[in-house]
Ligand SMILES: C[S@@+](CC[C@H](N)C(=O)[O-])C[C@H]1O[C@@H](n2cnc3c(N)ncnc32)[C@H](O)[C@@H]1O
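Consider the single chain below, provided in structure tokens and representing the form predicted alone.
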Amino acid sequence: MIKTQLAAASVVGKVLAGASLTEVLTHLWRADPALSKQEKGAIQDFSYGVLRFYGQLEAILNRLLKKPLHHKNLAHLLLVSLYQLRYSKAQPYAIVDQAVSASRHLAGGKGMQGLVNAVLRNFIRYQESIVVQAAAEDFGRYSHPRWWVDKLRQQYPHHFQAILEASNQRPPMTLRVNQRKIPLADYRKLLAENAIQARWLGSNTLQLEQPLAVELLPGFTKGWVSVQDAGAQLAAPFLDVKDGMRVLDACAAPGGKSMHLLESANVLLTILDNDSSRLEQVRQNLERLQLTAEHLVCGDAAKTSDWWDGRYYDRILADVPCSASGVVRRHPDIKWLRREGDLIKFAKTQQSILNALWQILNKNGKLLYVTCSIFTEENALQIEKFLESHLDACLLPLTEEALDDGQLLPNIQHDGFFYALLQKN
């Protein structure tokens, strides 16, 4: 456990310094190929857990220290240990002993064993009252940046607490059954035969009671099923594609929505993304699902002159870059990497992409604007601005599955998304 505690503390420190959690973990796996599956699982659990509850854990630590701790690596180790004590099933005495031992391996950590022991044992002794004290301020109560909490309180005065609480939960594992390969009823039977419990959420969507490795899913390698959030699975039905249509999926990687479109109808699909390495993931998904796209293009959705072939599209899916504020339970580092000023930068990018793609859409064609954000600056306000400047655009109603304004807020069934379906007159 010492090795995993130290590794997780290092990961947390790098993320809080500005690095992506996914990139840090990927680098760690490559740098230390000897790590066992169990060690990787523990490091990932500790890292995700600390970042998920960082506000609470930081508030707890501050109340346990008599003075600020300037040794950052030691502070991160204590956060990992507090997460274990608060949220894991390991024996408290074992966690404390391992943390004390781990502190000896930190540069400058000599002589800190007494502090580590005292801090963690005091938490065990006074846990209930300290947790209550930590929740006295929004940062400790909601484990989100203060600006984030303030913005949600302003934009969703009746729902902000539920949004924040949902965003701190572990995400569900949701499947999309490939209707071209196997009927939903048959796949549900397969899951039952393999003692995998799942509930139907509608359409071809199943949510597992317990997440599991994809290689354990019946028929995964044969393309019978894909992992995709229930909220993300609304995109293809909303876009209403039909056989023979020319369709563009802009900003497409890693391709979950692209695959769903190809499973839904025999369309001529152009898959666009500005990251060639992420397009490789799309190719792998196409191969696994045995699907074919007309074109895979590496290009900028806002600069259509660089890649567009001059033929207009009947449908366009614009899943634009955004703050990803609706998917932080899957990527808890986002909470601590984002700055309020980033929303302005994202909004400019989104508007430029929307304006560019509109020019290559057929008359009477439809464009579905999508974000995985819950902030109105990237969503409803963007569409209002677009409609004001494009008199040939009208906003179409969505099905009853979405809220009236197109905003899906994160809950137990799905992440947070925004959808707006625009038609060109």
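No experiment lies behind these values; they were computed from the predicted model shown. Throughout, we count residues from 1 along the sequence that is shown.
Missing here is the form predicted together with the ligand; even so, the following discussion is about that form.
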>> Within 4.5 angstroms, counting heavy atoms, which one of the listed stretches 316-324, 94-102, 121-129, 237-245 is next to the ligand in the model of the complex?
In response: 316-324
>> Considering non-hydrogen atoms and a 4.5 Å limit, which listed residue (Gly223, Pro218, Gly299, Pro171) is close to the ligand in the model of the complex?
In response: Gly299
> Quick one: of Asn274, Thr304, Asn73, Ser264, which gets a non-hydrogen atom within 4.5 angstroms of the ligand in the model of the complex?
Replying inline: Asn274
> So, in the model of the complex, is Pro145 in contact with the ligand at a 4.5 angstroms heavy atom limit?
Replying inline: no
> Does any heavy atom of Lys257 come within 4.5 Å of a heavy atom of the ligand in the model of the complex?
Replying inline: yes
>> Although the partner isn't part of this model, could you tell me whether Arg338 comes within 4.5 Å of the ligand in the model of the complex, counting any heavy atom of the residue?
In response: no
>> Is Arg329 near the ligand? Define near as a heavy atom within 4.5 Å, in the model of the complex.
In response: no
> Who in 233-254 is close to the ligand in the model of the complex, meaning a heavy atom within 4.5 Å?
Replying inline: Ala250, Cys251, Ala252, Ala253, Pro254
